[in-house]
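What follows is a single chain, given as structure tokens, in the form predicted alone.
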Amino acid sequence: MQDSGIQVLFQGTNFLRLLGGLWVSLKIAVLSMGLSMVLGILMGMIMTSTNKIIRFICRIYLETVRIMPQLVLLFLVYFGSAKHLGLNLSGNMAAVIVFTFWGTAEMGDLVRSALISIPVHQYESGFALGMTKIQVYLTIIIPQTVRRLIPSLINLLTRMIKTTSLVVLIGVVEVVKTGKQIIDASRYTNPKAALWVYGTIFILYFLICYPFSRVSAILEKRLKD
């Protein structure tokens, strides 16, 4: 046991530090996801506009987010805002802005797809009953849209949690950065520390993401049935 290297996890507060780093990652992911849901729903409704100019602008936004790597967006916001706008954003704030920017585009496209998948007669039935457009959306369209969105929304949250590991490159002390600090401190006393630390980080991510993945799969199956 002493030579395996696992003891690095239990030296001092190393394991608690890893959990603290994971908590930072989760906070960034959950806050970004919450903002993305609110803005993404609005974005999705705008994307269904019949105005060609609005649809073109939305398309450019969506394609930009999809083509540009999240790491480049992080560098642009974190370093670009300081150099060109004089804003001294913290790494956490820059990360939330970038992940919200990304999540809003993805969420908007999901909402757009869900909205256009609702049969036209659902709208017509609501109007035939004397409902206003807002009432039709609130009582008929949005409940059905949310039901169809849940599996995709959970998948997006899982992807966002995993992608937060990139924020280490702008100085955020999350779980990967904490792991590297522990490995660096144990480099000479415990050469096998990297195996155990990164293995533990893998397990922590798995324990967080796997339940979401299973819930998404179960919901998707039930909704199909």
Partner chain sequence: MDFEFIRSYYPMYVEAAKMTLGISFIGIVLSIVIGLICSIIKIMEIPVLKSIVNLYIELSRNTPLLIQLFFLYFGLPKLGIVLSSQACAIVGLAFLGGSYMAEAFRTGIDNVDVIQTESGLSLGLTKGQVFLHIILPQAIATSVPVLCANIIFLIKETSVFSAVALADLMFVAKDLIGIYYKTDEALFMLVISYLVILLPISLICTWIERRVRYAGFGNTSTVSGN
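On a predicted model such as this, the values are computed, not experimentally measured, just so you know. Positions refer to the first chain, counted from 1.
Another form exists, predicted together with its partner chain; not displayed. Remarks below refer to it.
Engineer: Though only this chain appears here, would residue 209 touch its partner chain in the model of the complex if you measure heavy atom gaps against 4.5 Å?
Structural biologist: Heavy-atom contact with its partner chain at 4.5 Å: present for residue 209.
Engineer: Can you check whether residue 34 is within 4.5 Å of its partner chain in the model of the complex, heavy atom basis?
Structural biologist: No, residue 34 stays farther than 4.5 Å from its partner chain in the model of the complex.
Engineer: Going by a heavy atom distance of 4.5 Å, is residue 201 a contact of its partner chain in the model of the complex?
Structural biologist: Yes.
Engineer: Under a 4.5 Å heavy atom criterion, is residue 146 part of the interface with its partner chain in the model of the complex?
Structural biologist: Heavy-atom contact with its partner chain at 4.5 Å: absent for residue 146.
Engineer: Which residue, 172, 176, 43, 28, is the contact with its partner chain in the model of the complex, using a 4.5 Å heavy atom cutoff?
Structural biologist: None of the others qualify; the residue that does is 176.
Engineer: Listed by sequence position, which residues of 56-93 have a non-hydrogen atom within 4.5 angstroms of its partner chain in the model of the complex?
Structural biologist: Heavy-atom contacts to its partner chain in the model of the complex: 63, 65, 66, 67, 68, 69, 70, 71, 72, 75, 76, 79, 80, 83, 84.
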